[in-house]
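Same chain, two versions here, written out as structure tokens and called structure 1 and structure 2.
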Structure 1
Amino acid sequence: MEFSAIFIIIAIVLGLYMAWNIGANDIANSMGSAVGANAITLKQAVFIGSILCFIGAVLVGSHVTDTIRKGIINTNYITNVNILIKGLLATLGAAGLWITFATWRAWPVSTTHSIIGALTGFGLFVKGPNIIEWNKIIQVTISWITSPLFAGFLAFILFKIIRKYILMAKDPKKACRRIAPILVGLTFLTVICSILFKTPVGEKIGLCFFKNIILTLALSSLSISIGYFLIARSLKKGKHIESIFRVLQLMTSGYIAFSIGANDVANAIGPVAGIMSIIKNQNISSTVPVPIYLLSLGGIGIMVGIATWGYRVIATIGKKITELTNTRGFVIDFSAATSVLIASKFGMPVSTTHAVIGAVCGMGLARGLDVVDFRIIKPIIISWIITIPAAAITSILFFEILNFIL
């Protein structure tokens, strides 16, 4: 294939650029609330988030990915492999550029929706509306509304429960000793389910659905028992309730960082793997293998993005929307993680970014309207709305540039 080496070089460069953007923008989803609640420092957040994202990308990142992320366009309409390669390159460039702009503005946006928008623009430009799987676009649009609302509702209810039955109880420490272990169990339940069900790790373990359920419940129950012992001992030593929730918050923040690496790395290296497969096999297949070195490159790109520019969006989520404590931070992380887990297991294309922002708002509203800065929320929502059209238009421009150059 003519220009094959050039295509691969450009693909790897753009894939790394996209991974860098994922690290710069998405790290706030996991570490923003922890920094805002002073559970960890910004430097610690960068270090912890980088390591966990890399581990998630390499160990749990899918070794098989869609040629076209989320099945947004029907590749049966494209017979010329050169056109598809240029389209995938344009997709990476356009999505990356939009996320760079959003990060510069300190807006938390969905990297997955950016890829979807770029693919949509390319598909419409080369083959018209028939190539687009519009039911997928509708699902994404619905997720804009449902994921932040569900996470916000869950955060609202959970914070009300914690405030009423622990923070405002007659004996807060006694109430914490009784209720907090249950929250430990629920946290472990969320993390274990996310690892065992419909993941490469779960497939390697090879347990059936029923055995996975038994294992999940057993480990969660064990965590409740251990949590009760550790929490009781900490409170006897004079530890404050917030210190208990600090540990829980760090657990949930770490889990979200791990899942970002595992799930979002495909947004960067999926198109790269697709291009390499097309060049090698001279045909277009619906799914392609992802070599471990590509997962590692994606993980490295995410780490660099976190280390160099991750602080911008972390400040928005952790400091600007509402005041956070460890209790509030735990509520945000747990609600966002739970809502994303439930939706993803049902095959809904939700955004962790949208869920986290919804959880921040829901937790804030549980304390009253006046504690949420809606001046920060407004431009964030606008950025969500324009993500798909902005990425689509940019993708068309990138595609035309590639056509002209190559």
Structure 2
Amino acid sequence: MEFSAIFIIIAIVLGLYMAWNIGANDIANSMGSAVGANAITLKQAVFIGSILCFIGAVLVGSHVTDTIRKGIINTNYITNVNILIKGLLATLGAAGLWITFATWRAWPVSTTHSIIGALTGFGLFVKGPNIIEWNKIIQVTISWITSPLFAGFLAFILFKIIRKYILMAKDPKKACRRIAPILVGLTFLTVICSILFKTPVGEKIGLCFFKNIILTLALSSLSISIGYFLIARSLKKGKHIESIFRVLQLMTSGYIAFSIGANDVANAIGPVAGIMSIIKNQNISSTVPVPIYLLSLGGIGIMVGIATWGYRVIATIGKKITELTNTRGFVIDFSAATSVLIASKFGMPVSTTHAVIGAVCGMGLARGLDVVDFRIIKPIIISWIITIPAAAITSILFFEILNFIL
């Protein structure tokens, strides 16, 4: 294979471009609201976002990588390694191009779904519909509806509860002392659950499902008691309720940054890992181990994305959404993160982007935001739907071009 070095170089460049995109844009999903609500400064957001994204990518990333690559097309049907390598290159190229186009048009589409669309197109073109795992495609479609709906529902309920039982309580501080620790516990529950159930960390610890649940509950209860103590102390010092929610929001924002690193790094380096493994072994194995240096490369790509472009996006978002208080920011972040966790537990490749939209709309319906623009929902959903065919057609084109050249 005389082209193998070129293939790898192109793959790494394209993979880094995807990682850069994630850092440049998606990270603002988590940090933008924290800056908008004045929970942290722009510098802090860039710093915290980069670190957590990198840690998420390197420590937690590997697990997700093969599911996306293997999930959508059944590689058993493809016997020619050359075709698969070109296909993966075309996939990366098409997804990158689509993301660039969508960013230019300000459509909040998901990097995961772009990759899925591109893979589908390539698979259909090469081997026809049998190669596609249609179940997964249906799951993606369902997730367009379910993850925003669920996040919206959660945001609606959570905000109503916070408003009724804390903000509008006769003695808000007393109510906050009683109820905020439960929110701390819930936040911890979400974070610990996702680390144990969604990532290889859980497998490494090697506990069974039941023990995992017990561990989660134990840690969450611990966080409730510590939270109760800390909240009571800071309220006694005369701190406002918003400052309690500031801490909660920081936790959920950080968690979203972490999970973006953990989940989305696969979009950038998954295909790269696939190509490298195929070239090395000259066969197509069912799972591809992702070396830590590739994950680090993806993580660095994301960090570079944040440093070169992402900070401007976060700054712009932060300036435009001064509407956000810490309470509102917490509700949006918490609902989006939880909905992503639960959906991915059901094996749905959901996107934080979609969940955030749902959470904002849910908040709007609960009178949690002064104003919400519901008109943009239609074009956004259309952009989600056309992501799949657009990325698919582009990847077929790229595949043909690669075939023609090489």
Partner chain sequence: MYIRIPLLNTLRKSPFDGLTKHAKKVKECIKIWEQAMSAYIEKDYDTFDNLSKKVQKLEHEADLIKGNINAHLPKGIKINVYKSDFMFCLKDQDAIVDFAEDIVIWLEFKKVDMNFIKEDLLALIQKVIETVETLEKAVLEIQLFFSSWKRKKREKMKTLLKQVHRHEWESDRLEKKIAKKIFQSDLDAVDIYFTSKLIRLIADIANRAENAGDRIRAMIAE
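Note that the rigid core is defined as the largest set of C-alphas that superpose within 1.5 Å between two forms. It should be emphasised that the depicted structure is a prediction, and the values quoted were computed from it without experimental measurement. Residues are numbered by position in structure 1's sequence, first residue being 1.
Here the chain coming from the form predicted together with its partner chain is structure 2, while structure 1 comes from the other form. In this overlay on the rigid core, Ile382 has a C-alpha that sits 2 Å or more away from its partner position between the two structures. Ala102: CA moves 2 Å or more between the two structures after rigid-core fitting. Once both forms are fitted on their rigid core, the CA atom of Thr327 lies less than 2 Å apart between the two structures. Core-based superposition between the two structures puts the Cα shift at Gly368 at 6.9 Å.
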